[in-house]
Structures are given as C-alpha cells and as structure tokens.
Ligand SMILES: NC(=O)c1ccc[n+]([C@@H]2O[C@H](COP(=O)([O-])OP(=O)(O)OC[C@H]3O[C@@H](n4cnc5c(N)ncnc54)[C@H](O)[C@@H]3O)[C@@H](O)[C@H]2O)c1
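This document starts with one chain, in the form predicted on its own, laid out as structure tokens.
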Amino acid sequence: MAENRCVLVTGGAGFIGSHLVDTLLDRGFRVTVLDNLNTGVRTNVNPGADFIEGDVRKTDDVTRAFNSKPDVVCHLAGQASIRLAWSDPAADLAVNVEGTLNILAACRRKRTPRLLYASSMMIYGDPKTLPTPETAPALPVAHYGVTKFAAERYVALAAEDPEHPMAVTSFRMFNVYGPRQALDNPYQGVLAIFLGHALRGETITIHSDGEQSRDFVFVDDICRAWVDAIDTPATFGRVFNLGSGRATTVNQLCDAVLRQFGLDRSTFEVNTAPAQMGDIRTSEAAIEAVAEILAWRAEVDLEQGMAATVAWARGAGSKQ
C-alpha cells in the first residue's frame, strides 16, 4: 500500500522516469523528482510531483532531494547513450557509477529502506543464449554496459551493509519505447530515431545488415513492473530482466515504422551504413523470473505501442 509514502525518482523528467512518476502518483504515492534536465524535459514532470533541478553527481543536489525523506528511491538518472559513452567514457563513469554511489551514500545517511535501480540489457554484451536469462554472464562490449553493470553491483553490495541493510531490486531493461522519447536525438533508441525520421520525411539509415535483433517493450509495461515490485518482498535482493520476450530485427522494425505512416521502402528512402561501435548483434529477454515473482508480462505488443507513440509524436512529439 502507498499509505502516503514518499518516492524519490532520480531522472524523473526523462522518458521512462516521467512515466514512472505518473504511475506512482496514480497508485497514491507522494513523489519527489531529481533531474538536471540535461536530457529530461521539465514539462514531462507531472504537476503532482515535487521537482528539484539537480544532478546526481553533486552531493549538495542529492542532499536537497533526500530532504524529502523518501521511503523509496527509484534510481533512473544516468547517461544512456552508447555512442556518447564511447566518445566520453569518463563522463559516462561519473554519471552512471559515481552518481549511483552518491545516491547510495544518501540512502545510508537517511536510512532509506528501499531502492530500485535501472540497469540495462547492455550488461550482457552479445549473449550466447537467447532468450537471455539473468544468470547469463555479464560481458558488456560497450562502455555504457560496463558502467551500468558496475553500478548494479554497487547497489547489490550496498544492500549487504550490516550497519544499514536495504532492500534493493535491479531491473535490466531492454529496448524501452513510447511517448515522450526524444525523436530528434541521434543518440536515442533505434525505434525513436526511425519514428523521428519517418515523421520528418528524412531518410532512414540502417546500420549493419538490419538483421540484428532487439527486444522492444512499451514504457507503460515497464512502469507497472517497477511499482508492483516496491512492496513485493520476493523481489528484494533480486535482478530481473524487463523485456517483451520477443526479438524483432531492425529490418522488421523499419518496415513496421513505415507501415504506421502508410509507407514502405518503395515510397520511402532507406539506406544502409556500417555497424556502430558497441552495437550488439542479438537481444531477447528471458522473462520467466519476473513473470513468476510479479505475475508480470508485457501487455502492449509492438504494433499497438508504436501506434500510441506515433499518435503522440504527431501531436506533442512533433513540436520537439
């Protein structure tokens, strides 16, 4: 039960974070948001939440956020671009690892009992097993995956602190998509990039041969799992994949995006280019663990979710 408890959401003005804020408020929680608005958007934040503009890398900003005395922390703030991580790995380290350490230190000082962490499927690198279970080895092939796995391990170790035991859960999220995802940012996910180009009538570029696969999961499904986990003791100390459990090739994705606009490759220009550094070849989540513990499965299929995203994009999203 929410019982008027406070949840601090770091990165709560971002794509996933702002949807999580909405879900938390709908469930009766009080919410405080900490976001530096580097990639987040102030208007994404539900007016029912308290907003603090600040950076997880700055201890003073983190302290201000923890003055709300959160009962739960949902830590989503991070540098999420694989390409930017290659160009500036030190900045990636500072946000994803040092920022997480700042949050954990504040949890320790304030004796916060519950923390949920946004990990990533990128920690698996190019997995040998598909669908990939949580027991698969972590062998990231990009700087971003290295920092997300390092932070995930720091979170797990913090839970074992005998002076401040804390219930933690980490979610290894796969390719999340939906409304509010930036359509004009070349460092965002492939689905948002394709949608943005189709919306603006710009050529779509597929890197590699397009047969690389991704597991796309709608943002509302993601938020449902996060909030359901807060008061589920069986999730404490656990790591879970969050994906649809279905692989989609980039070629299939491109054609599905074009269909949303009544187009195909005969009427819209699609080019190919070499693979990008850090790109993985295959991705598909094994979701049996989260299905067993939370009775969770993705409910929105790709065509439905894409239609909802396009409807948003043609309105508010097209003004980006």
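This one's a predicted model, so the numbers in the text were calculated from it and none came from an experiment. Numbering starts at 1 and follows the sequence shown.
Beyond what is shown, the protein has a form predicted in complex with the ligand; the following relates to that form.
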Task: Residues 16, 55 and 118 all lining the ligand in the predicted complex, heavy atom within 4.5 Å - done: yes
Open item on the list: Within 4.5 Å, heavy atoms only: does residue 271 come near the ligand in the predicted complex?
Closed with: no
Open item on the list: Since only the chain is shown here, I'm wondering whether residue 243 would be in contact with the ligand in the predicted complex (any heavy atom pair within 4.5 Å).
Closed with: no
Task: Contact of residue 38 with the ligand in the predicted complex (heavy atom, 4.5 Å) - done: yes
Task: Interface membership of residue 74, the ligand in the predicted complex, 4.5 Å heavy atom rule - done: no
TODO: Within 4.5 Å of the ligand in the predicted complex, counting heavy atoms only, one of 106 to 114, 127 to 135, 167 to 175, 195 to 203 shows up; tell me which.
DONE: 167 to 175
Open item on the list: Only counting heavy atoms and a 4.5 Å limit, does any residue of 64 to 103 reach the ligand in the predicted complex, and if so which ones?
Closed with: 76, 77, 78, 79, 80, 95
